[in-house]
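Okay, here we've got a single chain as structure tokens, the form predicted on its own, with questions on binding and movement later.
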């Protein structure tokens, strides 16, 4: 059978940076094709070429036997190509339905948007794929996982997509949501759609795909049927070496002073609903306390309350022996708090500023990059180059805008900056969301090293395996309540998973 898609000898540069050296890719009709590779390998650039976001410098694109040009996203849509981007492209002030049909709204009399018809069509799609969204809700009110589902709904609204590109679609989904998405992907394949599934989660790639291509350093280096492939084989092809995930060693010897403690902390939403309900917990210097839970059960609110970004209505927060309940975010940072937020673009970076500026943000005094209020650009750039080297941040150097880097390299910028502070408490939310297995291994080692320097770490993650491998103790959030804390020796995936799903101590 003639392939649905062929990419031949594709190449792309951004200035002096080679994003894609030479990539070939063939995708069959009605199949799921996984594309794997490290952050910065060229996966997202390749998909953006197919979606009309970038023009290739070299090569050709063939769809159903015909050579095509894709100069813009509108041309991609006309060819039946839909894409769900790694970073959200939704308009927060608009509803789910408005975002779903943005740019192609149903019309009345050829002029006015038919709001009722738009909502009906969006609701039908939502029900068909079981996404559980309120199509009338503004995107700004949705959780991260719900926003990802809204992005996918928007792509599926394209009439009979021939090719659907999913760029890290499960990066912000819970395991249950990810399983549901994989079911949707299989349904699309069975209906004749060819799906390009870009992912760092090798277990998912093997579970859902028919074929897999691995990209490394801008080149396609492995093509094979997924049947019979192992995670280890794909991981070695991705990074060029064996990957050994770090594990937490023996329980640390802990002191009783310092660290973080919360006493009956309560956070209430504007409508009166409790987002955090009397949370009491503590993290001591040198300890990693993991927080698990299904997305939307208070994890984001816990991180923002500790960081000083969300006011608490009751209770007390102590940091390094001092009450910081009413302290500003800056005062908490001055007290020793480092914060790696769950959404690197929204809270962790200024995408339009250079990498050097993002690495130096909030560190001008601590790293002695300024004197008498005047920043030394030479000192800043030297500081940035050192962090780029130590944290293996790739993508063009200190002067390029941070937003042009891959998701994993953007995450490394945030991790490097926060660890350069030598914090007393490191608040980490979803540290490996959307980054590859090699980068994840590196980030995990950095967290373990920080704990070894007596940094108290509060680790909030939807990746249960991540929490189980790193944390000394594991707490579970359910409905804004802390339903229990389990020592690492007694924690199993089944036990923690049961607490996450039932809200009851195991």
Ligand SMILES: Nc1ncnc2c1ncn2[C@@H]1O[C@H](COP(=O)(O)OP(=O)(O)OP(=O)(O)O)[C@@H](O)[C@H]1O
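Remember, predicted model here, so these are calculated numbers, not experimental data. Positions refer to the first chain, counted from 1.
Just so it is clear, the following notes concern the form predicted together with the named molecule, a form of the same protein that is not shown.
**Q** Could you confirm whether residue 462 comes within 4.5 Å of the named molecule in the model of the complex, counting heavy atoms only?
**A** No, residue 462 is distant from the partner.
**Q** Give a yes or no for residue 259: in the model of the complex, does one of its heavy atoms lie within 4.5 Å of a heavy atom belonging to the named molecule?
**A** Residue 259 lies outside the contact set for the named molecule.
**Q** Can you tell me whether residue 43 touches the named molecule? I mean in the model of the complex, with a 4.5 angstroms heavy atom cut-off.
**A** Yes, residue 43 sits close enough to the named molecule in the model of the complex that at least one of its heavy atoms falls within 4.5 Å.
**Q** Report whether the minimum heavy atom distance between residue 133 and the named molecule in the model of the complex is within 4.5 Å.
**A** Judged by the heavy-atom cut-off of 4.5 Å, residue 133 is well away from the named molecule in the model of the complex.
**Q** Going by heavy atoms within 4.5 Å, which of 401-409, 331-339, 266-274, 176-184 lines up against the named molecule in the model of the complex?
**A** Among the candidates, contact is made by 401-409.
**Q** Looking at the named molecule in the model of the complex, is some heavy atom of each of 428, 430 and 478 within 4.5 Å of it?
**A** Negative, none of the three is within 4.5 Å.
**Q** Name the residue from 418, 168, 151, 301 that puts a heavy atom within 4.5 Å of the named molecule in the model of the complex.
**A** Among 418, 168, 151, 301, a heavy atom within 4.5 Å of the named molecule in the model of the complex occurs only for 168.
**Q** Please tell me which of 226, 95, 220, 86 lies within 4.5 Å of the named molecule in the model of the complex, judged by heavy atoms.
**A** When the named molecule is considered in the model of the complex, the option within 4.5 Å is 86.
**Q** For the stretch 4-20, which residues lie within 4.5 Å of the named molecule in the model of the complex by non-hydrogen atom distance?
**A** 14, 17, 19, in sequence order.
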